[in-house]
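Below you will find one chain, with nothing else, as structure tokens; this is the form predicted on its own, and questions on how it binds or moves follow later.
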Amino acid sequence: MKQFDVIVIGGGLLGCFAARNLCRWKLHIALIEAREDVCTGISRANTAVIYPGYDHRPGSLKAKLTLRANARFGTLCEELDVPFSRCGSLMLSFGEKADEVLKKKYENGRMMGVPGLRLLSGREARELEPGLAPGVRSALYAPTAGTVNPWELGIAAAENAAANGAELFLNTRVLAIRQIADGYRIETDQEVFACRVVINCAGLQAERVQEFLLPSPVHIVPDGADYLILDKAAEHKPTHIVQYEPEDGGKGLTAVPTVEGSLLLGPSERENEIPFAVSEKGLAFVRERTESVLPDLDLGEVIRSFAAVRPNPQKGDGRSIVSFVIENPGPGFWSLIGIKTPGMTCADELGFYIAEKAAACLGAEGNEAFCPIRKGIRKARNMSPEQRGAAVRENPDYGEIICCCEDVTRAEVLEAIRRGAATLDGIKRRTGAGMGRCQGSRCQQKLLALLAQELGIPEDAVTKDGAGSELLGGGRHED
């Protein structure tokens, strides 16, 4: 039986950042993840927005954490060597009702101290974004909004946690948890663990994890969402995050200029019939909303569609819960249950918040040796010609292009496998290979061959992705 001070269940964004922040104290830490990699559940598929915070109730935990997280997000991404774009956002109105909603959001944001908020006229909004539909009446401008790659962020946090001593157990499914004299016994399909503190970050499965110990007062109902991605070369893409507040109060639209240069459009809102499966109706909704808000975009430049699954936490009477819910059903047992928007924005702050509670519970000392710095894979596409030449002289594998669309080299793919990529999606999440216009049709066979060679398995044993989403502890968090 393996003994730890703290065990984090679920390797999504929340779990990875909880583990990273626990390393700020002298603790023996484990992160248990059911899948073959971190951030393979809902963390891999979301709107990728770093929110400014004008939507939350002043004084609430969500408001405090969002403001703090937004202010230091640039520093966090510098520490973890992850690209971040503080591109700002425009929330649009096309009618009187939406005008009033934007005014309320503006006043709320001012009360909370959100920096730089401005209410713009339709003309001013179109000066910032000429591609907006002519009917825009007003807009709420938030310069501190931004965007980041969700899975790159989570992988970076996991790598930093491991570098600081946290142990990661992949392909490890939690089967049972029971309280013992000095903490908790956790049975998995691989081995048995014991610990003094448990932090439940299992996302959509957080309710099930908590119910190993006590019934949960929060029920998580999954919702589905559909997205479209436009090619980098598409014209008339907005340079700000564009959000639309519909007159009817229904679902609007978010258009996100990603850090990779493509444009993300979505989401639709629907019941989650099949996890991560797109729906014809949902994609048609996204197209209709896009055409009404950004009419100059050529939707013939769509290179991919995908679906996300989002937690909709509810009380026992079926009412949705909009606040962050952190349960403490037993001594030294915390559940980050039903964390939703802006969960990705607040992942690091939530991780510190819960790590601080765990450290206090254990009377742990601070860890002066903690290092917040993690270096990412060196990307050839980010190098100057001189830097690229030097990289090739140092490592000839930088001279072989594997993915032409995204300019990914053999050296980057091999480094991704060394860092833990065990599937095609694992490589994509670390390098971008397969994310371009051809969506992997030209590089997939080369990637399969490299994975098989490095892992020592037959090519037909290599998978696009790992196990199914039903496995427990899969980090099912969605922003």
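Residue positions are given as counts along the sequence shown, with the first one as 1. Here the structure is a predicted model, which is why all the values come from computation and not from measurement.
The same protein has a further form, the form predicted together with a small molecule, not shown here; the description that follows concerns it.
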- Message: Residue-level contact is defined here as any heavy atom of the residue lying within 4.5 Å of the small molecule in the predicted complex; does I32 satisfy this criterion?
- Response: yes
- Y227: heavy atom within 4.5 Å of the small molecule in the predicted complex? yes
- Message: Using a 4.5 angstroms cut-off on non-hydrogen atoms, would V309 count as touching the small molecule in the predicted complex?
- Response: yes
- Hey, in the predicted complex, is Y54 touching the small molecule, heavy atoms inside 4.5 Å? no
- Query: Looking at the small molecule in the predicted complex, do all three of I42, T47 and Q205 come within 4.5 Å of it through at least one heavy atom?
  - Reply: yes
- Item | Position in contact with the small molecule when the complex is considered in the predicted complex, options V209, L263, L297, A358, heavy atoms within 4.5 Å | V209
- Pick from R185, R173, R381, R126: which residue has any heavy atom within 4.5 angstroms of the small molecule in the predicted complex? R173
- in the predicted complex, which of the stretches 126-134, 343-351, 277-285, 158-166 has residues with heavy atoms within 4.5 Å of the small molecule? 343-351
